[in-house]
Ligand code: PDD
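Just the one chain here, the form predicted on its own, laid out as C-alpha cells.
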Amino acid sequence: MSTCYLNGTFQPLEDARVSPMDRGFLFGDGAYEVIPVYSRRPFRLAQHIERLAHTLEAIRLPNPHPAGEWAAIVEEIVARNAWDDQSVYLQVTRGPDTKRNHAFPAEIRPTVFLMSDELVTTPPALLATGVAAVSAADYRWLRCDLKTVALLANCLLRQQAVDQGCAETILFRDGFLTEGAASNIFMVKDGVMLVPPKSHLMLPGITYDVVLELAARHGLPHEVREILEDEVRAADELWMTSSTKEVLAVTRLDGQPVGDGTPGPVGRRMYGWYQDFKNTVMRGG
C-alpha cells in the first residue's frame, strides 16, 4: 500500500479524500509536477520545484511552500514508499470554495497532494523495435509551457494513439512540430539532431534539457529551431523523450516507416549516453 501526502498529513493513498468543491475537481484549476527518483534520489528536484513555482505564479495561485519545504516533503514521500526508483506526482490546486464560481475564491486554501509509484522504464524488447506513433493537429490551449492539471486535450490526443495501437501522438500546429501528447519529440536528419525551441506552445521538459546537454557534451551536431511537419515526415530518426520513456525511438508514423523502420544509430548512441548519465549522475547525486 503506497503512502501519499495530503494537506500536511502522510496517509495511505486509499484513505485520501478531497472535497468535491475543490477547484481542481471542478475546473482543473491547479498545477502539477512529475519527479523521477533514481536510487531514492529525486532528479533535478530544484528545477522541478522552480518549474512548479513558474506555473503557480502564471496561474495566480499562491505557492503554499518555499523550495526547502517542498524538497523535504518530496524526500519524505520517497522515504515512506517501497521502491528505489520512483515517480513522484505533486499537485497543487486552488482548493475548495463554498460554491461553484469561475472567479477565484476570496480566501484561497490550496490543496497539496503528492503520491508516488514505481518508476518503470521501457522494456528492452520495445527499445529494440521502437514504437509507432500517429500525428494530429495541436488544438491545445496557448500556454502549453504551464504544467497545469487541465489535461483533457492531451488525454484526447493520446487516446487517438491508443485507439490505433500506437504509443504516442505527435502534434503539429500551423505546419510546425510542437511536441507529443505526453512527451517531447526529437528528430535526426543527415546525422544532425533537431528539436523545437522552448516556447509557450510546448512544455519545457527536464529530459529535453538532459538530451541537449548530452548532445553538447558528446559533440553530437544539433540545432534548436522551428521544424516543419514535412521535415518530420522525411526524418531519418524520430525519438520521444520523457522521464519514463527516457529516449525511445519512433519507427513508424501514421503507418509509414521512419527512416528504415528501425531505431537509428544516433538514437542508439543517445540512449547509451542517457543510461551512463542515469547510472552516474542521476543515481550518484
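Residue indices: 1-based, along the sequence shown. Treat the numbers as computed from the prediction; the structure is a model and nothing was measured.
Unshown form predicted in complex with the ligand; subsequent notes refer to it.
Here the chain stands by itself, but in the predicted complex one stretch of 99 to 107, 73 to 81, 183 to 191, 125 to 133, 183 to 191, has heavy atoms within 4.5 Å of the ligand. By the criterion of a heavy atom within 4.5 Å, Leu26 is excluded from the residues contacting the ligand in the predicted complex.
Among residues of the shown chain, Tyr32 is one whose heavy atoms approach the ligand to within 4.5 Å in the predicted complex. Within this chain, Asn154 lines the site of the ligand in the predicted complex, having a heavy atom no more than 4.5 Å away.
None of the heavy atoms of Pro196 is located within 4.5 Å of the ligand in the predicted complex. Out of the listed residues Leu119, Ile206, Leu214, Ala167, Ile206 is the one that sits within 4.5 Å of the ligand in the predicted complex by at least one heavy atom. Residues are counted as partner-facing when one of their heavy atoms sits within 4.5 Å of the ligand in the predicted complex; in 240 to 254 these are Thr241, Ser242, Ser243, Thr244, in sequence order.
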